[in-house]
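Here's a solo chain for you in C-alpha cells, the form predicted alone.
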C-alpha cells in the first residue's frame, strides 16, 4: 500500500539543512578503494608519533583494539572506561560469533557475498564503501585473534569451525561456544594491558566522559568525572576517539549492560557532531521473555541457537496453556519455516522479531500472561538432540543452556526454551565519513557508537566484526592522516573553551543534586522506556510517534523539576551517574521519535504501520528515503536545564548511491 500520511515537516518538529556527503572514499572499483585510501593517507614517522596524543573513550572491542594498536604504533594514548576494568566492557556479553569471509566451508562465500549480505540485511540503507571495507578486512580479524590466542572452536582436523547466522545461506561465523565476545575481549584486553605496561597507554578506569572539548573547530579533549572521588578532570589531546557503544538502554529494558549509556556521543552531538539515523534500533528475536514489572534488564540468548533450534507456536489458541511436549506435531506452527522456506529459522533478526510479535498479537503466544497477553514463542531443540545427540548439542551450546536454566528454572534439554524479541543493538550513532571521522575535525567514532556499517538492520555476528575491524585495522590507518597535520598548538587547560566545558559539567552536576524532587531517577527511566517501546519500538505509526514526542517532552520537563538525586558530587554517587545518563536519554528519545516520524517508510528494524506490502512485509520508498539522516543539534534556552534545552533539529541528508549492488525489495522467501 502507498503511504499517504501527512509529511512530518508540517508539524514544525525539524528543519531541512544543507546536504552532506562522504568525501573521503576514493573513486574507482570498490575492491580497490580501501587499498587506495591507505596509500593516500599521510604517514607519521615513529619519532613524531611520540609527540602525538589520542584520547579513546571506551574499552570494548573497538576502543580496546584501537588503544592497543595506536599504543603499539608509538602514539601516546589515554584510555577511559567507566567500569572498574576494561575487560568489563559490554562487548564481553556477545555470545554467538564473529563473521569473516574465509569460505572454510567452501559453500560459496566470498568478500563480495559478505558485502552483499550485509547491505541487503540492512535493507539497502548502508554505505557501500564502508560495508565493502568491513567485509574485506574481516579475514584479517580472525588471523589477528588466533595469533592472540582466542580459543575459537575447531573441527576434528584442526581447522576453525563455522556456523550459520540469520540472513545468510553460508557458514561464515567463527565462535567460541557461546562466549565469543568474552574471548575476543580478553584478547584485546591483553593487547591493551601490554601497552599499559610499555607506557604508551595511560589507563583511566571508573572515569566517565561528560563533555567533549572543541577548540578552533577541532576536538581537543574531554571533561571526565572520577566516579570514585567525584573529581572533575580535564584531559587534552590531539584527537579524540569515541568507542562508547550504543544507546539501547533508552528503552530501559534491553539486553545491554545496565551501565550502557549514550552520554559520550550525546555530549558530542550537543557540541555539533551530527547524529545519524537515530531511530534505527535492532530488536533481537532470541531473548528470554519479560517475566514481570520487577526486571531492570533482559537476557540475550545467542542467535546461534537458531542454527539447530526450531521456532514454533501452537496453531490453536486453546493449546497455549498445554505442556509443549503434549502438543502434536500436526498442531504446531513452525511459522518462519512456513513463511520463509528458503531461509526458515535463519531469516534476519528484524523479520524473525516482527513475526514473533505477530503470532503473539494473534493470541498464540506461550508462557505466562504478562500485562495483557503471552509474550513468548518456543525455541525447540528436540529434533537437534534426536539428530545430533545431547552431548553434541551440549558441546555447542552448553553454557547458553545452563544460563537459561538458571534464569528460568526450566531444563531446555527437556522442555523447549521460550524466547521473545528485545532491544539489543542500535544501528544509529554519530555520523562519520570513510575515515571514521565525524563532522567535527579530530573527533573519530568507532564501533556501535557510529552509524556507518549496518543500515536499518544488523546481521548477527557483525557487531564483533565491526568493532575489531574499526579498532585494529581501519582507525589506525585513517587517524594517521589527521595526526600527520600535528602536533597541534598546545591548548592551555585554562583556555576559555576548556573552562566553559568544565563549567558546564559542574553546573549540570550541581543542578541535578539541587532539584531534590519526589521521583527516583529509575522511575523516569522506566517511564521513558515504556514510551519508546510502545511508540518507537517494533512498529511505529505517525499517530503514535506524535504522541510519544509530547509524552517525552512532558516527562523531560518533570525530570528537571522533580527528580530526586541522593548523595553529593564529591564522592562515589551512582544516583548522580544515573541521573546524568537518563537526562541524555530523555533528549535522545525525542530525536529518535522525530527521526522515525520523518522517515515515512518501513525498512529493516524500522517498521511503519502505514508502509507495508499486502502480505505485511516492510515496504521501502527508495525514491524518497535512500539517504542517511544526519541530525544537527539546535540549542534552545530553557529554564532549569544547564546548557539549555532542545530546539528543532536540522536534518542533513547524505544520499546513498548504489553502484555495485542492485536496489530491490528484500525477500527471504
Partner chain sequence: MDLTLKIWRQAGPRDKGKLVTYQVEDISPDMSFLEMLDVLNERLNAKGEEPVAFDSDCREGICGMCGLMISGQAHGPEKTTTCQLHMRSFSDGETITIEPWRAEAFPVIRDLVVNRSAFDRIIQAGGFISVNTGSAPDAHATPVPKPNAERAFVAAECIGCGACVAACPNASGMLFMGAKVTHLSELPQGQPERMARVVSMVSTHDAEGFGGCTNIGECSKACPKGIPQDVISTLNRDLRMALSSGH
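In this text the structure is predicted, and so the values were computed from the model without any measurement. Residue numbers count along the first chain shown, from 1. Here, rigid core means the biggest group of C-alpha atoms that superpose within 1.5 Å across both forms.
In what follows, reference is made to the form predicted in complex with its partner chain, a form of this protein that is not presented.
Chemist: Any idea which of 238 to 246, 270 to 278, 439 to 447, 85 to 93 reaches within 4.5 Å of its partner chain in the predicted bound form, heavy atoms considered?
Modeler: Answer to the contact question: 85 to 93.
Chemist: Within 4.5 Å, heavy atoms only, which of 295, 391, 494, 510 is in contact with its partner chain in the predicted bound form?
Modeler: By the 4.5 Å criterion, the partner-contacting residue is 295.
Chemist: Between 154, 325, 386, 338, only one gets a heavy atom within 4.5 angstroms of its partner chain in the predicted bound form; which residue is that?
Modeler: If I apply the 4.5 Å criterion carefully, the residue I get is 154.
Chemist: Answer with yes or no whether residue 486 is in contact with its partner chain in the predicted bound form, where contact means some heavy atom within 4.5 Å.
Modeler: Flag for residue 486 set to no.
Chemist: Is there a heavy atom of residue 149 lying 4.5 Å or less from a heavy atom of its partner chain in the predicted bound form?
Modeler: So residue 149 counts as contacting its partner chain.
Chemist: Is the gap between residue 554 and its partner chain in the predicted bound form 4.5 Å or less for some heavy atom pair?
Modeler: Residue-level check for residue 554: no, no contact with its partner chain.
Chemist: Should residue 567 be counted as a contact of its partner chain in the predicted bound form, where contact means heavy atoms within 4.5 Å?
Modeler: Because a heavy atom of residue 567 falls inside 4.5 Å of its partner chain in the predicted bound form, the answer is yes.
Chemist: Could you tell me if all three of 205, 255 and 300 have a heavy atom no more than 4.5 Å from its partner chain in the predicted bound form?
Modeler: Judged in the predicted bound form, 205, 255 and 300 all sit within 4.5 Å of its partner chain.
Chemist: Scan 132 to 147 and note down the residues that get a heavy atom within 4.5 Å of its partner chain in the predicted bound form; none is a fine answer too.
Modeler: Contacting residues: 142, 143, 144, 146, 147.
Chemist: Under a superposition restricted to the rigid core, does residue 514 display a Cα displacement of 2 angstroms or more between this form and the one not shown?
Modeler: Shift of 2 Å or more: no.
Chemist: Using the core for the fit, does the CA position of residue 462 change by 2 Å or more between this form and the one not shown?
Modeler: Stays below the 2 Å threshold, so no.
Chemist: Core-aligned, does residue 302 move its Cα 2 Å or more between this form and the one not shown?
Modeler: Yes; that C-alpha moves by at least 2 Å between this form and the one not shown.
Chemist: Relative to the form shown here, do the C-alpha atoms of residue 370 and residue 521 sit closer together or farther apart in the predicted bound form, given a change of 3 Å or more?
Modeler: Residue 370 and residue 521 sit closer together in the predicted bound form.
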